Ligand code: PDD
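Only one chain is given next, in structure tokens, and it is the form predicted alone.
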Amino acid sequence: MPDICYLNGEFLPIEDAYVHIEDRGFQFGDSLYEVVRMYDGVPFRASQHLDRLFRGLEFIQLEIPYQKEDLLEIFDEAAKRSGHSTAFIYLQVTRGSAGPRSHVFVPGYKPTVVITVRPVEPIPEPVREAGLKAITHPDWRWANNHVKATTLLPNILIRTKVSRLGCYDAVLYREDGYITEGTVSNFFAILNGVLRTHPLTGRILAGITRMSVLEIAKAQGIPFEERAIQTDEVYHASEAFFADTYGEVIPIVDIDGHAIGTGKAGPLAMQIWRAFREMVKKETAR
């Protein structure tokens, strides 16, 4: 089946989908996005993804002619039309175009809404069990990372460096020495027996997988704190992992050449990942 997309109210072949050259998403990155993972053809926690989208739309003062329920229905239809089972649903909303390029947005823009569905290859279980590597890196991004904007150039530059070094992601830190998150992931570390992650502020994204991990920790009685981690603390963690829509829960066994814990995927990270998979199975059951 050929790849299809949804563009401003119409399903069409992806090669026939175009947006205007003056679209502010193209000109300025004046747009937001969400990535929802499908399991066995069913979107996982799409409602929570869209709640975050609408919070972001309010923040950037962009109204769209859709309610959450409308987008959920479009997701379901796009999933069926795609024919894919394990896939990403990508949604992007731009402010649209209304005349020549100008930094100032005024009334009259017609938002652009694009949805695509593309297959995804999960991380092989042996790779997850072996654990992956990371580096630390200054957090170059803007001050409102709780908004899932498409202005991702800093992430792109850092992630490309990370990839060339054979790592999964970077552990980003600010000028005050506190770790925020990864370029595509939220970050967790286990320090003195406590699972820690950065609190929800403008510095990090309210990740859907992050939320799921904290739900699991609470349900299983795992001690946790939403408290920022200093960069020099992370090397002494007994375990560390990233959490994101693609990788789910990804054990990190090496940061900047320092072995984390035993240098192997930690038991708590794998326990949380298996619990996450059970959560997915339960919530996406037909």
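Owing to the predicted nature of the structure, the values given are computational and were not obtained by experimental measurement. Note that residue numbering follows the sequence shown and begins at 1.
What comes next is about the form predicted in complex with the named molecule, which does not appear here.
Contact test in the predicted complex: Lys68 vs the named molecule, heavy atoms, 4.5 Å: The answer is no: Lys68 has no heavy atom within 4.5 Å of the named molecule.
Can Tyr39 be called a contact residue for the named molecule in the predicted complex at 4.5 Å between heavy atoms? Although the named molecule is absent here, Tyr39 would stay clear of it in the predicted complex, with no heavy atoms inside 4.5 Å.
Is Val35 a contact residue for the named molecule in the predicted complex, using a 4.5 Å heavy atom cut-off? Close contact exists here: in the predicted complex, Val35 approaches the named molecule to within 4.5 Å, heavy atoms only.
Is Arg118 near the named molecule? Define near as a heavy atom within 4.5 Å, in the predicted complex. Because no heavy atom of Arg118 falls inside 4.5 Å of the named molecule in the predicted complex, the answer is no.
In the predicted complex, does every one of His137, His198 and Thr231 come within 4.5 Å of the named molecule, counting any heavy atom? Not one of the three qualifies.
Give me the residue from Val162, Ile179, Ala78, Val184 that has a heavy atom within 4.5 Å of the named molecule in the predicted complex. The option sitting close enough to the partner is Val184.
Looking at Ser47, Gln27, Ser238, Thr245 here, can you tell me which has any non-hydrogen atom within 4.5 angstroms of the named molecule in the predicted complex? By the 4.5 Å heavy-atom cutoff, the listed residue in contact is Thr245.
With the partner removed from view, which of 60-68, 215-223, 250-258, 47-55 is the stretch that lies within 4.5 Å of the named molecule in the predicted complex, judged by heavy atom distances? Going by heavy atoms within 4.5 Å, the stretch is 47-55.
Considering only 203-232, what residues come within 4.5 Å of the named molecule in the predicted complex, judged by heavy atoms? Heavy-atom contacts to the named molecule in the predicted complex: Leu205, Gly207, Ile208, Thr209, Arg210.
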